[in-house]
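What follows is one chain in structure tokens, specifically the form predicted on its own.
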Amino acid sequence: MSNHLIDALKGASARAPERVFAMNAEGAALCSFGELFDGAARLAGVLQRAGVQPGDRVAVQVAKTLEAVQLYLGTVMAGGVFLPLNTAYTTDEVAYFVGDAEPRVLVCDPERAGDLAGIAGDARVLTLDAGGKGSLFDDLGDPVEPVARGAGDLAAILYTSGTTGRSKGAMLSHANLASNSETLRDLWRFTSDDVLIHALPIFHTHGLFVATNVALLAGAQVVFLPGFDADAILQAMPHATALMGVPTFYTRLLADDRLGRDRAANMRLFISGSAPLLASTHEEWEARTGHRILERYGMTETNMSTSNPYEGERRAGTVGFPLPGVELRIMDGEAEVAQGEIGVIEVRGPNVFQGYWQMPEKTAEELRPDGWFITGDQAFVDAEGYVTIVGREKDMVISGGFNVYPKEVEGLIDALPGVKESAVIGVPHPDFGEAVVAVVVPDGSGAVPDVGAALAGKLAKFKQPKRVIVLDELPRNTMGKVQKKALREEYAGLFEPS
């Protein structure tokens, strides 16, 4: 038996090991395909000598480097289960993940080794810094052969962001990752002629499994950037063909006068995900560059599930259609809703995870016995089959017994002159149970509009905000998602008697 995921990813390396895989923004070579996989195979040996057996977890909290990519590949080669952790997590947060996943090895920045050693338990602590150096390389030897692993064996555990309760470890198999990346490669037409600008973090599905795996499967090259850098991205565009980003990438690039049609002339595809893209961003990007952003939808538990079409209308405000091989339905409890009605997205297919690590009860709550995963995202499907997400089920506001879908209200507020963006939340209210509250970020062009007056004739009374709060910016996580939980906590006492 072979190593399912590595065999898929290594194809391009075997065909042309000397070909450049990664380059910097100027186009200078950083690493060949052969060097990438040779280094990964050497790190697989390091991990094996550190005690990693097939199925053991390797927890990693390090800066984005090519060595970190090799560590991901090396973990899978060694038969291990890769467990990437957000670099912003505190020692206490890492302690939870280590206690839950019980990794054999914990790799961290040298500056954190002292703190994390105290919570590492039985895990061997190794280091890797932002320059690609550390104790991880102290025992570097010859490359080792990949350990045999099947399609159903685990390749990674990714912890959810924990917006409700404890973070859950989503178990992803070799087949989950390989099949989804193969589907995206084909759907988005990635080939060895592509040069992908890779500015996403690699502790997250988007940067690690979508951007990295798709590039490797296609034999594409990458402009490998440590993080978002408008200067570097704009410098890379003339010799690149694709960019994968989050909405904040696009809004920040639009704020730069250098972005224009000439700059984007060599590009064939701009992809956005991880958070909703405003329709205004879609429109402004197309006006400035001549390109229409392709928006898609996925989750930690499902990899990618839908995408706007490569050919055909990329419809702003929607996430397109289910991917080939992925089933999608809109449910109200146990019943499927009629076309155009709002319900909860459920998906089934080879992309759907294996369950939550050591949480059988939670797995049973969200993963049906017949393979349908209950996403918790509310949406509807229109007559043409486009999926439009209206919000998270937990973000829905129930005011006076009526359901309020935040995206409907946000869309109207965002369209008002003087508004950059908004977030609509529900907070406790003594009479209504929950009150609709709008948090508004001005665009700086002038006075903030009277939101209440502007919406009075456009929304039913129960949907209208009972309070409007103006902030300089909305709280977001590292992937650009607005943190509504933080807003709800901040303003939970807004309607308490004084």
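It should be emphasised that the depicted structure is a prediction, and the values quoted were computed from it without experimental measurement. When you see a residue number, it is the position in the sequence shown, counting from 1.
Not on display, but discussed next: the form predicted together with adenosine monophosphate (AMP).
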| task | Could you tell me which stretch in 89-97, 175-183, 273-281, 224-232 has residues with non-hydrogen atoms within 4.5 Å of adenosine monophosphate (AMP) in the predicted complex? | result | 273-281
| request: Look at the candidate spot formed by Leu187, His291 and Glu313 and say whether adenosine monophosphate (AMP) comes within 4.5 Å of a heavy atom in all three of them in the predicted complex. | output: no
| Listed residue (Arg392, Arg263, Arg348, Arg104) with a non-hydrogen atom within 4.5 angstroms of adenosine monophosphate (AMP) in the predicted complex | Arg392
| remark: in the predicted complex, the residue from Thr127, Thr300, Thr212, Thr363 with a non-hydrogen atom within 4.5 Å of adenosine monophosphate (AMP) is Thr300
| Does any heavy atom of Lys481 come within 4.5 Å of a heavy atom of adenosine monophosphate (AMP) in the predicted complex? | yes
| Any chance Asp194 has a heavy atom within 4.5 Å of adenosine monophosphate (AMP) in the predicted complex? | no
| query | Would Val424 sit within 4.5 Å of adenosine monophosphate (AMP) in the predicted complex, counting heavy atoms only? | reply | no
| Heavy atom to heavy atom, is Asp377 within 4.5 Å of adenosine monophosphate (AMP) in the predicted complex? | yes
| task | Would you mind checking 187-216 for residues with a heavy atom within 4.5 Å of adenosine monophosphate (AMP) in the predicted complex? | result | His204, Thr205
